[in-house]
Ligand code: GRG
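Below, in structure tokens: the form predicted alone, a single chain.
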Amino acid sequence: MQGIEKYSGSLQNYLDEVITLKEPIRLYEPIKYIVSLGGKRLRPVLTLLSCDMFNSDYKNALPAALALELFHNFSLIHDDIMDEAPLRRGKETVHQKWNLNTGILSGDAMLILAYQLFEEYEPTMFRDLAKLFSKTALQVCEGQQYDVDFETKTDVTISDYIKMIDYKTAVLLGASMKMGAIVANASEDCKTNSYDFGRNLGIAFQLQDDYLDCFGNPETFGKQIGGDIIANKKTFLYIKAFQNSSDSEKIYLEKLFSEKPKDPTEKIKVVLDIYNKSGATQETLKEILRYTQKANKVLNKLDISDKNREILLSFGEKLMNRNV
């Protein structure tokens, strides 16, 4: 098993080969821009790692890995448009740097480029990868719609929220792991367990992202702190705070999350104080740990070496201890 940096380096080289500036420049320049921002590249790294884990040449999984990275960035462009977000990874969002139409069109092109990458595989593997990709992509869209719906829905439950982040975020991490297993021709059980590992880790990852959105360092997080509060998103933190509040406090919290003040500074401060005093902050951290442990339990079912299992375990731990 090679170091994680090997995967990142190979992915970057392959990305530079595939994503080039060409006419029309205003279509491809935003694509080059957003993928050049880097980020964690968690999904493609998981695909390469998964393929390597089953003793196959991880470079065979590069087209599938890049397809996932392009799809992820496509969804980010459109998410940022929907959220009216000014920053992505500490830089201007695509629609902010260019314009709304460019953001929509460049995002669409990224989705098509992602599908094209599966053409690198023989027919049976192409079918399996494309089938998983299509199912996952549709679930991500469903998750995004749930997320939008929750902004105006007043009775969002914890199970509603977990389903939303499962679809919006976790299924893509599950698919990332499973695609690596597919390319490696792993057993059906290993494909399923790889998917379950990634999916549970993905739920923990999104809960951690929600936590960092409120309590992260703006210099390292790369996004506006309190962005979910500004957008009135019913995150795990909000739902737990609401559950733990008195009737009068619930009315006040609902009022706060029905407003979008021009200067949200005071609103963010007040909401964060409510999260802390209600115990929602600590309960969120416990839930992150619970899903991380669920992911780790699946590792014992994988037919891989102890060394490879330890690498996956370490990867998950580092991911959950991040500050970006």
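Sequential numbering from 1, following the sequence displayed. Note that this is a predicted model, so its numbers are computed, not measured.
The form predicted in complex with the named molecule exists for this protein as well; it is not shown, and the discussion that follows is about that form.
Contact with the named molecule in the predicted complex, judged as any non-hydrogen atom within 4.5 angstroms, is confined among 246-254, 150-158, 163-171, 122-130 to 163-171. This chain appears without its partner; in the predicted complex, the one residue of Gln144, Asn232, Thr192, Gln96 with a heavy atom within 4.5 Å of the named molecule is Gln144. Contact annotation: of the candidates Ala137, Ala184, Cys214, Ile239, the single residue with a non-hydrogen atom within 4.5 angstroms of the named molecule in the predicted complex is Ala137. Within this chain, Phe118 is remote from the site of the named molecule in the predicted complex, having no heavy atom within 4.5 Å. In the predicted complex, the named molecule sits within 4.5 Å of a heavy atom of Met82.
Shown alone here, Gly39 lies within 4.5 Å of the named molecule in the predicted complex, counting heavy atoms only. Interface membership of Asn200, defined by any non-hydrogen atom within 4.5 Å of the named molecule in the predicted complex, is ruled out. For the three residues Lys6, Ser10 and Tyr14, a heavy atom within 4.5 Å of the named molecule turns up in the predicted complex in no case. Contacts between 180-208 and the named molecule, taken as any heavy atom within 4.5 Å in the predicted complex, involve Phe205, Gln206.
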